[in-house]
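For reference, the chain that follows is the form predicted on its own, supplied as structure tokens.
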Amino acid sequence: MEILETIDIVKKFGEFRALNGVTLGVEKGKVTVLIGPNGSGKTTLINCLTGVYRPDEGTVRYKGDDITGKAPHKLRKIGIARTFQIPAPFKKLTVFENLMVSAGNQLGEDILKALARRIWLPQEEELTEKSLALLKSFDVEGKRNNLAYELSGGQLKLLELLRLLMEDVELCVLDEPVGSIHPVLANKIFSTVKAMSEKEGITFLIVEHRLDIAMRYADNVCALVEGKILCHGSPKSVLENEELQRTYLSLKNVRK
């Protein structure tokens, strides 16, 4: 069952077509990895899916409903959220505080309800448990009291993902979540993402260049080349595509 689909998406910048008729389905509860050379349109595509850009042509559907061009904050309310390549946490808050403020629809944010502790306290206790569970699942509970600006680049990328997971998100769109970070942490991120998709039914659409890591955990892979879908299927079938081998995979060190 597809939770998200695009139909003939076109996005132009002047006369240049960054996306040229992209039709793609993202399977519910699975990890789909979007690959392709630099400049192939991957980030432009997820920008169109998450409301950063409005497609010039085509349709984006989520659970069968047309969401083409909807603003990011409206998409967040219906269960779609994303990370960006460059993390943007609250640098002077701790890791734990960053997680706590990321959860949406907090009762204590209402000026009237905030006066009645009995109204918001149970929810805050639940969010505390959730944030600690997330930190534990990624083996970073020891960093909970660190200020965000004290974290390494890889840890900041992880924090960006954890902040997203604090919300009730059904579709997580991740833009290079393990770019330039240590392989041990990169594998931990992908293995936990995979476990969440299997145990909690969360759907992940991930743009990633580190194919040696991403292919181990992907259920489906989509290759985008020059703004068009070249192939889409299992990791093995995509990696064995001859045209993709010529245009992209020859430049990568990928274990099949």
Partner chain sequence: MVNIADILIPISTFVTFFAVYLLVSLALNLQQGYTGIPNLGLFLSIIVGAVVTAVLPSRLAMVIYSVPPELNFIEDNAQVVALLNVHLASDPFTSIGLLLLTIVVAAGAGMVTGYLTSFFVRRLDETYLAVFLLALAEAARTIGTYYRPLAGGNFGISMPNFVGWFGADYYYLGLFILISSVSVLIFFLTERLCHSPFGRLLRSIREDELTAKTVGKDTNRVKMIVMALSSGILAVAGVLNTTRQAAAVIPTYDRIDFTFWPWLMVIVGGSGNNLGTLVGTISLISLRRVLIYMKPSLSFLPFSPIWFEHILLGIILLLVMFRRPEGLIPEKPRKLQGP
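If you superpose the two forms and keep the largest set of C-alpha atoms that fall within 1.5 Å, you have the rigid core. Residue numbers count along the first chain shown, from 1. Just so you know, these numbers come straight off a predicted model, no measurement behind them.
Below: the form predicted together with its partner chain, not depicted.
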> Closest heavy atom of Ser137 to its partner chain in the predicted bound form, within 4.5 Å or not?
Replying inline: no
> Does Ala195 reach its partner chain in the predicted bound form if we count a contact as any heavy atom within 4.5 Å?
Replying inline: no
>> Quick check on Glu170: any heavy atom within 4.5 Å of its partner chain in the predicted bound form?
In response: no
>> So in the predicted bound form, is its partner chain close enough to Thr94 to count as touching (4.5 Å, heavy atoms)?
In response: yes
>> At 4.5 Å, heavy atom to heavy atom, what parts of 66 to 97 sit next to its partner chain in the predicted bound form? List them in sequence order, or say none.
In response: Pro72, His73, Arg76, Lys77, Arg82, Phe84, Ala88, Pro89, Phe90, Lys91, Lys92, Leu93, Thr94, Phe96, Glu97
> Once you line up the core, how about Pro122: does its CA shift reach 2 Å between the shown form and the other one?
Replying inline: yes
>> Quick check on Pro87: with the core superposed, does its CA move 2 angstroms or more between the shown form and the other one?
In response: yes
>> Assuming the CA distance changes by 3 angstroms or more, are Gly29 and Glu126 closer together or farther apart in the predicted bound form compared with the shown structure?
In response: farther
>> Comparing against this form, do Gly29 and Glu129 have their CA atoms pulled together or pushed apart in the predicted bound form? The difference is 3 Å or more.
In response: farther
